[in-house]
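First, one chain by itself: the form predicted on its own, in structure tokens.
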């Protein structure tokens, strides 16, 4: 089983990439590939630019990575209660090539933030919108107060109750 995981941020210190990496590692007998959205940087999408350059090769590469997966583990970064620009741009370019961006792959959809809401706004947006683009969301998970509940040195959730919740979601839904 192959898992493609990524955080929906282009920050070099993305807390969502840490969470996605940790969660993907919880799947038994899985080959995990963690994507970095910086590897999929493209000019800001516009229909005018699309007319000029056509389907962007980097968006094709992103879609090919998703196609190689059996399961997707995605942790959305929240910027101003919405997707990060980096995620939205990759998503926009990709959706112009294939509306089914997520290709009917089973998905663990997550979010985290330094605040106590744990990216709840972007998680709700993703839960409602991404299925229209081929996401088969099997479970969602929010990690509140990332800095208090995640140990960066150990690269794992440090709050035992939240860690158990995530592990149980994976066991029950996948």
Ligand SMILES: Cc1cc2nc3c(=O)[nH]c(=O)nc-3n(C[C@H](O)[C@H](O)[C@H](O)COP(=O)(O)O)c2cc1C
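Residue numbers count along the first chain shown, from 1. All figures in this text were calculated on a predicted structure; none of them were measured in a lab.
Below: the form predicted in complex with the named molecule, not depicted.
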Although the partner isn't part of this model, could you tell me whether residue 103 comes within 4.5 Å of the named molecule in the model of the complex, counting any heavy atom of the residue? no
Is there a non-hydrogen atom of residue 114 within 4.5 angstroms of a non-hydrogen atom of the named molecule in the model of the complex? yes
Since only the chain is shown here, I'm wondering whether residue 13 would be in contact with the named molecule in the model of the complex (any heavy atom pair within 4.5 Å). yes
Given that the named molecule is not shown alongside this chain, does residue 74 nevertheless sit within 4.5 Å of it in the model of the complex, heavy atom to heavy atom? no
Where, among 41 to 49, 106 to 114, 54 to 62, 128 to 136, do residues come within 4.5 Å of the named molecule in the model of the complex by heavy atom distance? 106 to 114
Where, within 125 to 139, is there a heavy atom within 4.5 Å of the named molecule in the model of the complex? Residue list please. none
